[in-house]
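Here you get one chain, nothing else, as structure tokens; it is the form predicted alone.
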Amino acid sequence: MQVYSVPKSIKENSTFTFCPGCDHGVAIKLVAEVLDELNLRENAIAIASSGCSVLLYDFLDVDCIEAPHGRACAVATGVKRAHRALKNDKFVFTYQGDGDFASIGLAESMHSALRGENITAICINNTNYGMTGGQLGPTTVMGQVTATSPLGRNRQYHGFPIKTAEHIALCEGVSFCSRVALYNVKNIINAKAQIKKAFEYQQQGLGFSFVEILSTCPTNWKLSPSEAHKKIEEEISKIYPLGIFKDIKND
């Protein structure tokens, strides 16, 4: 009996290039599984930009475009509208880190949501700029030590972190918005279900859909993979609570 098979939307003979214990690999696998289940692979266009998320291209076997840092939602908007104008509608989604989506790209992200662009955005929140050395990012939690906050994030100097899902949910153009985590099997199964719903809402033309994924960053957090997952469960998910923040079909 076959227990597991590699999703068809994953490139053959891919070599894992993320840090040991990083959740990007699990997140990309879930995206690939959903693309397969919804039969979207041949019609999908993925947009990613600078950061660890850019490695998506090494694994996902769909058409991909690299956007300038922070501009993934803007590029996705252009791709979606251009193909629609040609009456050749494509399934378009972004795959971004929290620094990309919620810092340099915050304007592009928020305005895409406010306009109700019929695209899906996936944001990996690992509370720092992972690829460039672990600097303080928009979602770095209070007290967290990073390369640029050696004494920990504090209110007076750094301000407060952004709760991305809660802000996106306030935009009237958003059809679906949730936050998930990957620290155990139950949450991985739930994360896949939320990604699938976000993709389905785009298929149904309901507007902007968004899934924020709490992810480990063992290298920059200076923790083992198991310790990093424990940190997500016991600390990060309390600051960034999991759940569905907007669902226009059920609100």
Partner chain sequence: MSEKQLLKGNIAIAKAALECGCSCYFGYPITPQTEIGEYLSLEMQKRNLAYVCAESEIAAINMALGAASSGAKVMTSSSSCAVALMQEGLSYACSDELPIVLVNVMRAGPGQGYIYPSQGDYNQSTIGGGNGDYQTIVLSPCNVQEVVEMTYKSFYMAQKYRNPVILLVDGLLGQMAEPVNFINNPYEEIDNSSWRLDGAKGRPSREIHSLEPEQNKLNQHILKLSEKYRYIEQNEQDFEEYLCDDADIILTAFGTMARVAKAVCNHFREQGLKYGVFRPKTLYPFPYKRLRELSIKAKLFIDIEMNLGQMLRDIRLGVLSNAQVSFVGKPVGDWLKKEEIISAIENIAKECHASL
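Residue numbers count along the first chain shown, from 1. Note that this is a predicted model, so its numbers are computed, not measured.
What follows is about the form predicted together with its partner chain, which we do not show.
Residue Ala44 is the only one of Ala198, Ala191, Ala44, Ala32 with a heavy atom lying within 4.5 Å of its partner chain in the predicted complex. Here is the short version: of Leu223, Val26, Cys64, Leu38, the single residue with a heavy atom within 4.5 Å of its partner chain in the predicted complex is Cys64. Here the chain stands alone, but in the predicted complex its contact with its partner chain, taken as any heavy atom within 4.5 Å, falls in 52-60 among 199-207, 181-189, 52-60, 215-223. Among residues of the shown chain, Gly116 is not one whose heavy atoms approach its partner chain to within 4.5 Å in the predicted complex. In the predicted complex, no heavy atom of Lys230 sits within 4.5 Å of its partner chain. In the predicted complex, at least one heavy atom of Thr77 sits within 4.5 Å of a heavy atom of its partner chain. Mapping the unseen interface onto this chain, Arg71 counts among the residues with a heavy atom inside 4.5 Å of its partner chain in the predicted complex. Contacts of stretch 84-108 with its partner chain in the predicted complex, defined by any heavy atom lying within 4.5 Å, are made by Ala85, Leu86, Lys87, Lys90, Ala107, Glu108, listed in sequence order.
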